[in-house]
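In the block that follows, a single chain appears as structure tokens, in the form predicted on its own.
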């Protein structure tokens, strides 16, 4: 059983699953992120601690007036809580390492977060399951408007929104999607497909962004450039590419079912058996096993387990999250034991919390 500490870790699982997007069997999640800077405050390079503190105060005032959610000052969180926010994709890896005053706002629905004093003054991002970039962008721009009305953004007629890094100039928008592509991995087509994406200016990374390792057939696809295109054009470019990759992945899955049906069915059920029975399981092993289970659900091989549950297991089984779930700091071996216990309980009793 989870301890009461879980009640305070509001970000651990989504509050609701409204407006989930297309193709959830392949598209694990969508994200829209905006980089914005306030025109009256020095950029990060010249920002002093007093400026960072002032920005925290200004943003908290805007939040209290017009947004529903919770603000967390990062320095007041424990190392586990910071790592958990990263594992839930609500903050960036670099944000944890910042020495200056920083904070993050998470809305009540837990699908919008705002990092304050990251590389830019504000990093506003929205998260959703499935392919859902257009609907998600509307929610993100609503939040962006709140801060813009209250604080005012640094903007230039020629270069658009001004950012700390030149690669974010213009729209300051990054649209990213996490794809589950076991079909392309198995048929050895994934390198060819992703190389084509790179050639048209699309970045391909692991699920935790730049520098993260690709595991479990999970790939993050995002635009590299933000200048010279309108927001809607950037989003449409990514959507078209994702639909193309989805079509290729579905064809690869059909090939697998025709040529290696029993082999893959065996892999799926073996993975499920381990997940339901294991007493010790590492975070890397669980990622690969859940990847096989996700494939089985997407192909209709497994019918009594939902993709929502698999997505929950992917998040909560991460090293920091599993410790917060149980409300205690755990050594690696104990984490592996608790992770196996948590997964067994959820898969053998999928209707229970």
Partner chain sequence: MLCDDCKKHPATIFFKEVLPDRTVELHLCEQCAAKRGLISTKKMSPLEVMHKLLKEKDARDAEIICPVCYLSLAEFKRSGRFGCSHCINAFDPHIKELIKKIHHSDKHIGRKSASGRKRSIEIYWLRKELKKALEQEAYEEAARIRDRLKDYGVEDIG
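Residue numbers count along the first chain shown, from 1. Computed from a predicted structure; not experimentally measured.
Not on display, but discussed next: the form predicted in complex with the partner chain.
Peer 1: Tell me, please, which stretch of 140-148, 79-87, 96-104, 178-186 lies within 4.5 angstroms of the partner chain in the predicted complex when heavy atoms are compared?
Peer 2: Partner-contacting stretch among the options: 140-148.
Peer 1: Just to confirm, residue 225 within 4.5 Å of the partner chain in the predicted complex by heavy atoms?
Peer 2: Yes, contact at 4.5 Å.
Peer 1: Is residue 165 one of the residues lying within 4.5 Å of the partner chain in the predicted complex, judged by heavy atom distances?
Peer 2: Residue 165 belongs to the contact set for the partner chain.
Peer 1: Flag residue 270 as yes or no: does it have a non-hydrogen atom within 4.5 angstroms of any non-hydrogen atom of the partner chain in the predicted complex?
Peer 2: No.
Peer 1: With the cut-off set at 4.5 Å between non-hydrogen atoms, does residue 153 touch the partner chain in the predicted complex?
Peer 2: Although the partner chain is absent here, residue 153 would touch it in the predicted complex, with heavy atoms inside 4.5 Å.
Peer 1: Can all three of 135, 249 and 295 be found with a heavy atom no more than 4.5 Å from the partner chain in the predicted complex?
Peer 2: Negative, none of the three is within 4.5 Å.
Peer 1: Please pick, from 169, 235, 256, 193, the one residue with any non-hydrogen atom lying within 4.5 angstroms of the partner chain in the predicted complex.
Peer 2: If I apply the 4.5 Å criterion carefully, the residue I get is 169.
Peer 1: Within 4.5 Å of the partner chain in the predicted complex, which residues of 56-78 have a heavy atom? Give them in sequence order, or say none.
Peer 2: In sequence order, 57, 58, 61, 62, 64, 65, 66 come within 4.5 Å of the partner.
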